[in-house]
Every structure is written in C-alpha cells, then in structure tokens.
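One chain follows as structure tokens, the form predicted alone.
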Amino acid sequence: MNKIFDNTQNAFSLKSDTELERAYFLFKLIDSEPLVKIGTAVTNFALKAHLPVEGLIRATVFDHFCGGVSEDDCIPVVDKMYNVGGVSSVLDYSVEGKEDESAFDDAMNKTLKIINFAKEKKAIPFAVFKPTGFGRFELYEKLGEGKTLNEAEQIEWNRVVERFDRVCKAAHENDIALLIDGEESWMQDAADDLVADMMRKYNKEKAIVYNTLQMYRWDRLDYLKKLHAQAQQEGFHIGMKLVRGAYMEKENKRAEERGYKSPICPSKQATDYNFDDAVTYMMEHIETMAIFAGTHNENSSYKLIELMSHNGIAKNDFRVWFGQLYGMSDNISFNLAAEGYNVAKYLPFGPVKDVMPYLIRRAEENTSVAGQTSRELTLIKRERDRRKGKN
C-alpha cells in the first residue's frame, strides 16, 4: 500500500512558520511528563486565583488545540480547514464538569445551535455531545447498576431523556449525523441503553445517531455484535464512532480500589487488535452501519483504507469517516483528505477557563500514549527542515 502519512507539506499546509514553531514548543513540553504535571498544577492554581493568564493560555495551548471561545469564533478555522485542506469539522462544546440543570440545558441548546450551523455549512457534517453534558453522572451510574431511581431522580432522568430526544429529533429532521461521546464504564451502560433507544427511533433509514465504542474495553466488540443482532431484528441502522479510549488510568485505578476485573484490555496490542476487529466487523456489515473511525493510529487508518478497497467502498462514501482531534495528527487528517477520503477534525470550543479541564486531559493522554508525541515532533522537525531547505 502507498504510504501517505509522511507527506509533511500536505500535513502542515495550513500552518504558518510561527504556528509550526508554536506546535513544536507545545509538543516538546507535552513530551515531558513532569512538565505536564507542573504545568497542570500551575495553570489550575492561576485560574482559581483569577490571575491574568487567560491571554497567555489563549495564545498558546488553547489556540493550538481549540477552534475558539464560541461557535462563531470557530468559523475562520472551519472554513480554512475545509477550503484549503478538504478537512471537515466537528464543533465540540468542550465545557466539562458542570452539573446543574441550567448547564445541561445550555449544552443541549449549544448542540441544537450546532445542528442548525451544520445544516447551512457543508464543512460541518456532524454535531456532537457528551451524555454527562445532558445529565448528572450519578444518575447514569445508578441506572447502570440496576438501582431504582427515587421520584425526584426519575423526574430528573426524564429531563435527560427529553434532552437526548430533542437533539436526536433535530438531527434527524435536518439530516445531520450526531456523535454521542463515550465516557467512564460505570456510567456507560445507561448511556448505551438511551442511545440505542434513539437509534431505534431515528436510524430507521440510515445512521443519524452514533454511539461511541471505546475499544480499550475488552467487552465492546461483544456489545457491538449484540446491538447488531437487535438492529437486524428491529430494523434500524447502527452509527458508531470507534476510538481507543480516554479514561484508562481512572478505569484501572477504580477497578483496583474496588476489587473488580478492569474493563481495560491487558495490553496496548490487545487494544489495537480490538479496535481493528471492530472496524473489520463494521465494514463487513456496512450496508446497515456507518463508521466514524476516531484514531490517531496510522496502522489502523491504513487498515480501514484496505477494507474500503476490498469491499468496494468509494473513498467519499458517507458511511465511512476518519476523525482526529484538532491540533494533532495533521499528517493523517490532511493526507487522507488529499486522497479524497472523508475526514473530520474534532474542533473543541468554549470559554478558556471552562475548556481547561479538557485541555489538561488532552495533555495527560499524550504523555501516556507511547510514541504519539515523539511522532508529532519528528514530523514537525521534518517540515521545518523542508521549509528551510526551500528558502
């Protein structure tokens, strides 16, 4: 197979020399776990103490990994990526940790607004939200454990269901695909059940509602097969975003503390096999499925390319998308787009201080994924050298 991901001219075509230098500086910092921990602690302290650091954060880590502070603020980035690089955007309202009814309604309204944005803008083919953006974590957890909600909790849960339904209905009416993120395993069962209900309701003709499978969990392929059996029997399509996962340390720690078997695969290699097996299974049943492969892994991307070719799936078939996070793996995103594949970048946005928990999690994940940051640095160095040789 033609190896396409080493083309740094395509990968960084949207970055000025200054932006390339900033990327190099940031990934050098992220490459050091002690520096990430120190930087996280200092940033948290500065924000809690209301020190005037938002401007510095905005000019460095925020602008590299986020599209802006609002939907409108993201539009120049969205347009540039799409018009110059052929890469679409998924506007992701990345405010985390807020747990009151007004915040849940705000998140719902943001998602509805993004669906309307997407309806008018070809460069935004998806909307997205997190289950805990629409309801309290503890409610999902309690339901997932099979416990009965009290009267007040049931009323509260009914509002969560209503928020899901409003957004899924709007996505269906406007023909905009809707990605629903995966979260911690101990709340995910309730989220899975609710998303499956939305699929039954709104995925009758094609996949509009997408759940997320975190394939570092060893049970997720079995879940997909079980859901597929239900879909065949009941006549609905499955939309699924496949990722490796984002909560590994938290998952393993909780399992150890509480004395149950960790839901996480025993090794990175087992996770890779699990991810690729899920991709293969979905491609074998693509007539009633749609896949959003959220991966920064080159081998998994090549695997999906091979499967598309083997199954006679056109590069631009809307049932198959590749996805990466904004600010990372541009060598995958922009080179895939240059070859004609469907590619979308997750583009986080929100007020700087509210998005910091997301950004901190991003930095911590990068330090824990072997080779991810060093790969970014190698490619950036190569592009710097290429540009210097050209001048």
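All residue numbers are counted from 1 along the displayed sequence. None of the values given here were measured: they were computed from a predicted structure.
Form predicted together with a small molecule: not shown, discussed below.
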Judged by heavy atoms and a 4.5 Å cut-off, are Phe65, Ser333 and Glu376 together in contact with the small molecule in the predicted bound form? no
Of Ser309, Asn150, Ser267, Asn116, which one comes within 4.5 Å of the small molecule in the predicted bound form, counting heavy atoms only? Ser267
In the predicted bound form, which of the listed residues (Thr111, Ser89, Thr295, Thr132) lies with a heavy atom within 4.5 Å of the small molecule? Thr295
Which one, 323 to 331, 53 to 61, 349 to 357, 22 to 30, holds residues whose non-hydrogen atoms are within 4.5 Å of the small molecule in the predicted bound form? 323 to 331
Taking heavy atoms only, is Asp192 within 4.5 angstroms of the small molecule in the predicted bound form? no
Quick one: does Tyr247 come within 4.5 Å of the small molecule in the predicted bound form, counting heavy atoms only? yes
Heavy atom to heavy atom, is Tyr216 within 4.5 Å of the small molecule in the predicted bound form? yes
For Lys241, is any heavy atom within 4.5 Å of the small molecule in the predicted bound form, or not? yes
